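Before any questions on how it binds or moves, here is one chain, the form predicted alone, in structure tokens.
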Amino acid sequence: MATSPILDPGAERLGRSAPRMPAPGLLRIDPILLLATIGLGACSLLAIDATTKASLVSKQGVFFAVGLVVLLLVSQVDYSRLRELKYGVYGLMIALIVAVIGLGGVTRGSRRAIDIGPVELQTSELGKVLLCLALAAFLVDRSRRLGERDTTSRAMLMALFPAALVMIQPDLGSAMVYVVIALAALFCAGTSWRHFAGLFALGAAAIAIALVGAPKLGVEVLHDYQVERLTSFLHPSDVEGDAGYQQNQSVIAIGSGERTGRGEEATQTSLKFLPEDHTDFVFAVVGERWGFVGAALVLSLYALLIWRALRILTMAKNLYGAVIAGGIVAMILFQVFVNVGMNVGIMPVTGIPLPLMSYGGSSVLTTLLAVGLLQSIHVQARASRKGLLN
């Protein structure tokens, strides 16, 4: 079957001319994806305002406003050009993470952000998107060698190296996201299921060594509080410490919200029983204040966002765009699943923010940058189809 010049990244290199495509425009962005994004932003502002942290609402609003501008600007850039910058993108990611280790301020025993004036830049958040771009370029370059174990190994090492650096900060949650992005990129690129079976077996062995084997030998792979967080969700009532207390209070808050919420009588939030209510446990605030109805609305907006992102993945004009979209979908979906799960007591407390809902400039701007890339893939796909029809 003949390959369309539009879909063939080597067409220009081989001397074939591709049909002239019309210039992209804002009218070609996905409006449903944009509305879902704005809807989650509005829910975030309402939830943060409900935590009685009014001073943070305006800051979050500024983050969203700047992020939306970035989203629209990125949507008008041809993402395919970023493939040529793969080494620079990966190097930038590593440099930013290392900069935090060397220059970041210490907060609660962790060194996760660099203070830039009034703003704290958490580079591990930006690194998630940069990893999507770098991995996609690497896998496309080796698309004819995806069946080789060397390709899979190198792709995983590309993710494990920055994940290990992030663990040093320490930030277990972000490190987990890096690994999930790599697995999603390999899947979207068409890696053999045998490679995944081997990776999952190695992962299970690594977890067993970190949690059981290494401690018996006197080697501390994970800090005590990290182990407590990973295991406390199994029996939160019996755990002494922040992890068990946080999950107990979160479950109480969500349960007390019942069908339509407690409104102004949401005592878990107003009386400060619920810790980190504007960041890690913002979903519990929604559940208590607006009940099942509010929680269902937030989850529906996420479902809408993920659906449109998956649709963009399938319509991407080339493999590079499809793998980027796959990494972004995995990044957002995994964070939503883990964060909501830890709020309702079925997942460990890992400090993973709820995308577009949790307070924080780095998380919000990174997620909106990722959505901007999705919009770019959508715009370019529509332009390609328009060019073919013309």
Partner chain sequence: MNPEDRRPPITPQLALRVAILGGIALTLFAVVFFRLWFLQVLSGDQYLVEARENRTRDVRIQAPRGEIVDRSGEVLVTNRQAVVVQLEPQALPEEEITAAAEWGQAMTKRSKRPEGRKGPTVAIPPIPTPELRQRFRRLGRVLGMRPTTIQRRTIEQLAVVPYSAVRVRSDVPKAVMNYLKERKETFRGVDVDRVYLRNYPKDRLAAQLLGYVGEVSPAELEQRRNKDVKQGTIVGKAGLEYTYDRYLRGRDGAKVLRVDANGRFSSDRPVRRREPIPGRQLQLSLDTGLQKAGQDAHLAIAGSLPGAFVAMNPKNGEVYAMGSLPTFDPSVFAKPISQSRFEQLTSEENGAPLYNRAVGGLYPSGSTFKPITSLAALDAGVYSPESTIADGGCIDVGNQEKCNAGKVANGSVDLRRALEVSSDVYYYIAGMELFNIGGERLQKWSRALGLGRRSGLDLPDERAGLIPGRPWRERVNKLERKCKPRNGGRPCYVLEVRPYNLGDNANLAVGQGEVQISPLQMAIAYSTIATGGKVPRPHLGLEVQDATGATVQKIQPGAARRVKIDPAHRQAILDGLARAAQGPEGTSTPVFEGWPHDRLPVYGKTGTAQRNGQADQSWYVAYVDHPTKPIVIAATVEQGGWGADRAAPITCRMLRAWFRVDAPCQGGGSNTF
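Positions refer to the first chain, counted from 1. These numbers come from a predicted model, not from an experiment.
What follows is about the form predicted in complex with its partner chain, which we do not show.
Of the residues given (L310, V77, V179, I209), L310 alone sits with a heavy atom within 4.5 Å of its partner chain in the predicted complex.
Proximity to its partner chain in the predicted complex, taken as a non-hydrogen atom within 4.5 angstroms, holds for one residue of I346, L35, A42, V70, which is I346.
With a 4.5 Å cutoff on heavy atoms, P170 does not count as touching its partner chain in the predicted complex; it lies far away. Using a 4.5 angstroms limit between non-hydrogen atoms, S153 is distant from its partner chain in the predicted complex.
In the predicted complex, at least one heavy atom of Y302 sits within 4.5 Å of its partner chain. In the predicted complex, its partner chain sits beyond 4.5 Å of every heavy atom of G147.
Partner contact region in the predicted complex: 244-252, out of 155-163, 244-252, 128-136, 92-100, criterion any non-hydrogen atom within 4.5 Å of its partner chain. For the candidate spot formed by S55, P353 and R382, no residue has a non-hydrogen atom within 4.5 angstroms of its partner chain in the predicted complex. Along 285-311, these residues reach a heavy atom to within 4.5 Å of its partner chain in the predicted complex: G287, G291, F292, A295, A296, L299, S300, Y302, A303, I306, L310.
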